[in-house]
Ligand code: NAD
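Single chain ahead, written as structure tokens, the form predicted alone.
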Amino acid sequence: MKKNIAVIGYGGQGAWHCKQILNSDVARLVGIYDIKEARCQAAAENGIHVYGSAQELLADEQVEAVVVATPNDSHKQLVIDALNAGKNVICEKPVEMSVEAFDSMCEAAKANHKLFTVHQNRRWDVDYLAIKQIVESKEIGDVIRIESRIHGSRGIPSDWRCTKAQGGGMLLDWGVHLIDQLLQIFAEEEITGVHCDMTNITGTEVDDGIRLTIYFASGKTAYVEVGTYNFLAMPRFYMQCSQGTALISDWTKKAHVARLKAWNEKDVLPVQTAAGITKTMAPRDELTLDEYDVERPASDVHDFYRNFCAALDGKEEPKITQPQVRRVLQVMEAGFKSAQERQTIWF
């Protein structure tokens, strides 16, 4: 039986959730509420029931779950109100701006015996899944370092995302996705430190770019870079492993892999550079290196909702758990502190 779900917030992401639920094989859209009359009118024109208030929505006994898709600073109270009203909750990312606030939300979920999860939808991105597949296959050995980048050239959006009080900025907007992805790959690794630099090229109130490194006890590293003033983008993913390298140039492309077959070559021919010759940087040949593309894995982002509804019935464990979300928040908190103090934050 389909689960009855209502959505609070009918902006870009809230409307996306509504479309997902309207086309769902596991969920049914009961209605929405938005504080803006124009958004409520837009929903009504699309044939969606509109509640008169958030309180009316939460009082509706047929609503089994609520999606909170509002600006970041409003998440905490709405989530706690929904949980206290006996609703299961999906919250948009970033769920909150501090670990302390998130912990209070988790406490409300526990007290009310309700499922509370976060919409980390980019775990279903095909480029990320391709890198994860290569890591898990060990076809190029054990991972040493992964670099994950998103580059654009239009600055930060001119809505609430450029306002500090509402949780704007790229660390909270895109950084949360890239950090979450990499921490899934490094799920068993102990974090020992975080270093973060932020840029303010297009504005001063919030960061419009970040460069963040996560250090692990094993010596492995994860690097996240978000830029909104990059007119030429660097590769989406670059991964060094013990037996090779993988690269994804952008999220529409296949992963390209170079797999080491043999370390030594009998005769390395030096190459000419502008100021001399070098053997160290001479390219390898097919005797020691295989190069190939990896097919893009299949993915269906609606599997998030399928998992959520199955978890409500006790048939599956939630794919996005509270400890996972908390770990991401810890890294982001350390990132803000690192950028402010201009030093690495050691755990």
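One-based numbering along the sequence shown. Because the structure is predicted, anything quoted here is derived from the model rather than measured.
Just so it is clear, the following notes concern the form predicted in complex with nicotinamide-adenine-dinucleotide (NAD), a form of the same protein that is not shown.
Between the options His49, Arg28, Lys36, Lys279, the residue in contact with nicotinamide-adenine-dinucleotide (NAD) in the model of the complex by a heavy atom within 4.5 angstroms is Lys36. Contact annotation: of the candidates His256, Arg161, Lys220, Arg259, the single residue with a non-hydrogen atom within 4.5 angstroms of nicotinamide-adenine-dinucleotide (NAD) in the model of the complex is Arg161.
When contacts are judged by a 4.5 Å heavy atom cut-off, Thr228 does not count as touching nicotinamide-adenine-dinucleotide (NAD) in the model of the complex. Under a 4.5 angstroms non-hydrogen atom cutoff, nicotinamide-adenine-dinucleotide (NAD) in the model of the complex lacks Gly209 among its neighbouring residues. Within 4.5 Å of any heavy atom of nicotinamide-adenine-dinucleotide (NAD) in the model of the complex lies no heavy atom of Gly168. When contacts are judged by a 4.5 Å heavy atom cut-off, Ala69 counts as touching nicotinamide-adenine-dinucleotide (NAD) in the model of the complex. Note that among 143-151, 233-241, 210-218, 90-98, the stretch whose heavy atoms approach nicotinamide-adenine-dinucleotide (NAD) to within 4.5 Å in the model of the complex is 90-98. In the model of the complex, nicotinamide-adenine-dinucleotide (NAD) lies within 4.5 angstroms of at least one heavy atom of each of the following residues of 1-23: Ile8, Gly9, Tyr10, Gly11, Gly12, Gln13, Gly14, in sequence order.
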